[in-house]
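The chain below stands alone and is given in structure tokens; this is the form predicted alone.
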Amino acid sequence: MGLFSVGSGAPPVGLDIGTDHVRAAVLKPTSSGPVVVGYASAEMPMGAVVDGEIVDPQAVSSAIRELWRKPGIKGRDVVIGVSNQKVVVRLIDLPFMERDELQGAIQYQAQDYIPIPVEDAILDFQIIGDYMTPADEHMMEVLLVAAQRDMIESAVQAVEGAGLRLASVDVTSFAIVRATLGTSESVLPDEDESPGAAAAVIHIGSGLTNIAVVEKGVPRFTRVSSLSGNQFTQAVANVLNLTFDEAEHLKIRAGLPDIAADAHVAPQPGDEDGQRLQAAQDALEREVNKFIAEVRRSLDYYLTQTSQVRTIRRIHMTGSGAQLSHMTTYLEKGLQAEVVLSDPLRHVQVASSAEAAVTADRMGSAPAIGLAMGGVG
């Protein structure tokens, strides 16, 4: 599903335009599945992307050009993802109609469901299925996506400024789900034994966290949060009066306490390093508890909107921020669900030429990999 697309020859490169980095994944379709033949990342200038939105297209273009100088990154056509407050995803119910009829009707129906004026939005939709109501009305479930036009235009400007062509625009959370769970119909191996259950995918990036709820392979709910890896780092920096880079290093070193073993840092008097580690852990614990509360609110909101699903039984976690020590344990306790670290490379093969680059950024690669998978598909 893309907000718009144009035809092209070779599959487009998956281009993830993030807060701190821009990443590219090149996939080649084969009879045994897609193969990653190129992968690279480059730093994004500070302030060029804020809350998932491109605010300095020229700086982003410069970062993309730098990325295209890396080994293995080639091809002019790209597919990008969008993930910010100017993207709206809604699952809506409409009277049944054929796709061609819906194509025209959606322009008039959409305004009832989105907070963006239709004339300022780019719309896309996907028919999920149809059903009969108790009153014998034939209805259909439609996944509606709306993106503010000016936000998309900034992305187009950044891509074209780098000398590339935008083949399609996807929703970043859809790409993350694709990379994490694959493209099969079922995301729960024993789904038939667990009616009323769904899965969630949480990608904790540096600048944003993407949350999605998936039923039978379809993302039915998405939400974006600014509570993410950078916010965890900034909390450490504020408490200890450190630079951001110093705090990032200490954050990784300290991690969260091991609540399963009740193993908080217990510094001895005069142990300045131990005291810093304890202060960092305390700051991280506070931020992660805020993060868990926000995720819980998002999942609870979804559960109140659906009558079929009663529980989120499994949560798949990805992203560079997901690697924080003991993060999985904290989420399991706070959300009362099984939490697993998911490998974005699980559903692709990796060529030897790309192995070192993609393995070094394994947990951060999900958006770029998923965008490229959509292009191959």
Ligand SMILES: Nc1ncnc2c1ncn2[C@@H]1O[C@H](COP(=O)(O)OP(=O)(O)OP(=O)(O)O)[C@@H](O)[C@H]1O
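The first residue of the shown sequence is 1; numbering continues from there. What you see is a predicted model, and the numbers here were worked out from it, not measured in a lab.
Omitted from view is the form predicted in complex with the ligand, to which the following refers.
Taking the partner from the other structure, the ligand in the model of the complex has a heavy atom within 4.5 Å of a heavy atom of residue 324.
The shortest heavy atom separation between residue 62 and the ligand in the model of the complex exceeds 4.5 Å. Contact between residue 182 and the ligand in the model of the complex is not found at the 4.5 Å heavy atom cutoff.
The shortest heavy atom separation between residue 72 and the ligand in the model of the complex exceeds 4.5 Å.
With the ligand omitted here, the record of contacts in the model of the complex names 203-211 of 203-211, 154-162, 87-95, 104-112, defined by a heavy atom within 4.5 Å.
Site annotation in the model of the complex: the residue of 281, 148, 230, 168 reaching within 4.5 Å of the ligand with a heavy atom is 230. Of the residues in 285-303, none comes within 4.5 Å of the ligand in the model of the complex through any heavy atom.
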